[in-house]
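There is one chain below, alone, in structure tokens, taken in the form predicted on its own.
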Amino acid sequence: MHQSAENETCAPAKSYPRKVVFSICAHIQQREMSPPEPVFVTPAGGGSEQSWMAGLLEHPGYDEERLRRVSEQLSCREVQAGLLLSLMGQPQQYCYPSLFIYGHRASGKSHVVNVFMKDLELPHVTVSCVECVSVALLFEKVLRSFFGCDAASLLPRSPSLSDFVRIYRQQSSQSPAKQTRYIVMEKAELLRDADVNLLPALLRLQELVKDNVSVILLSEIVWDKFRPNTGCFEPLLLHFPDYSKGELQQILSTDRHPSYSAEFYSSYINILLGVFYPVCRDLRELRHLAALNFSKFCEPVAAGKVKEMDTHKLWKNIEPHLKKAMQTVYLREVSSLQWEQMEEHESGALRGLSAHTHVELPYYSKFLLIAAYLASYNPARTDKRFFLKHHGKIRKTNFLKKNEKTSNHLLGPKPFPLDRLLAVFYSVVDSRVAPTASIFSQISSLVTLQLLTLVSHDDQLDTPKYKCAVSLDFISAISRTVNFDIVKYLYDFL
């Protein structure tokens, strides 16, 4: 009897990852139970509104109408949703103690889990490991969500894992779970920096508290990076692959503007993916870029110059704009509204510059960057001419050498020591600034942002040397924000 049940359970496993299927079968054989597999039912008729979906989920123990609503929200993630539903089983059954769901950013992990928990009305608590900076916050949130504020108040000021397990067992004995309770841990990779016993305890929490509870870990890294050296309970692994180009086209096309037809917006998404897909496959970033550039795409249509079906002319109009936006992928330096305002009110001097030119820096960081640019492109002997009041009359031809006849901007930036950078900085800044730790930390921040480059060795702590890594257009735009005319202080423009 058990063999036939096991064969029925593993029969449709050809479409699932082998590692997950073998783990399921081993667990079923161990517990002598066979939870039913989900069935994908293809909508009849072929002309329904959801004909773009692979199928609808069906699972005993769940309401069909709710599963239909869930299926409608999980576009291009039907296989992963079916696997997750089979691992969860029916609400009254004991679920596997821990599940590990991993995949790259914006691959649908949190979306699928949250839709399941909310639409199927499963008892759960979602914990962000970024927000819970201590185990006390984690324990308090779990107890408050499952048993109320009174249970959370029983925790001591600095609770240990044993305190949490003891209180959880007391509360679960008073109000046992009628359905599986789920603890969803987002950004679970941060658990590696927590107490060494926290992750192994969460993986076998069901055994420790003797309750029908399951922990779902969501992470962007693989399980091999998690596994402790001392060993731990192995969770079931479920991988969410990246969206393909066709799947991104299908998902992004659902966000169409109501004023335009679906075919018009789909052609726009096709053009957008043709430009950005080789460098960016993040669904969130592509959705942001689609909203950012759509108004520019439909400008000729709104003005009556071209028709919606004239894709070639629309592409010619949007191509330079998309190439310009390529320089700001992932930066998010401006919002969609700010981008449009900059495009409309862009001055002639700033025209043609990328949005990276408008990056915001702290006030003194701008002067530090200006000082670094001057130190990189001016000879050291010219500092006296530019920054000393009583330097006397010094003619440019008096100290021209053969290697200085060529423009310094053509030769590229030259390294300069830290003391020269600070000397130029205190000369150009318009107020008296004390040499505090804040100034030195801003120099380190400029290096981290790759606006400055550290060219000396790490062991040279007393005299570090830097290079300025920005262009003349960039530093000119930065200078205008602080009303500093940098051209007057550049040796090449005398």
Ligand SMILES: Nc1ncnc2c1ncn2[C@@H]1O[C@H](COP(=O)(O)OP(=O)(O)OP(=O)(O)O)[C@@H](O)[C@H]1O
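For every residue, the number given is its place in the sequence shown, counted from 1. Predicted model only: the values in this text are computed from it and were never measured.
One more form of this protein should be noted, the form predicted together with the named molecule, which is absent from this view; the next part is about it.
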| item | value |
| --- | --- |
| In the predicted bound form, Arg77 touching the named molecule (heavy atom, 4.5 Å) | yes |
| Close approach of Asp163 to the named molecule in the predicted bound form, 4.5 Å, heavy atom | no |
| Contact test in the predicted bound form: His288 vs the named molecule, heavy atoms, 4.5 Å | no |
| Residue contact check: Asp242 to the named molecule in the predicted bound form, 4.5 Å heavy atom | no |
| Heavy atom within 4.5 Å of the named molecule in the predicted bound form - the one residue of Ala136, Ile251, Ala152, Cys232 that qualifies | Ile251 |
| Of Val209, Leu283, Val127, Ala201, the one that lies within 4.5 Å of the named molecule in the predicted bound form (heavy atoms) | Leu283 |
| Region of this chain that lies against the named molecule in the predicted bound form, out of 361-369, 106-114, 257-265, 310-318 [heavy atom, 4.5 Å] | 106-114 |
| Within 177-200, the residues that have a heavy atom no more than 4.5 Å from the named molecule in the predicted bound form | Glu186, Lys187 |
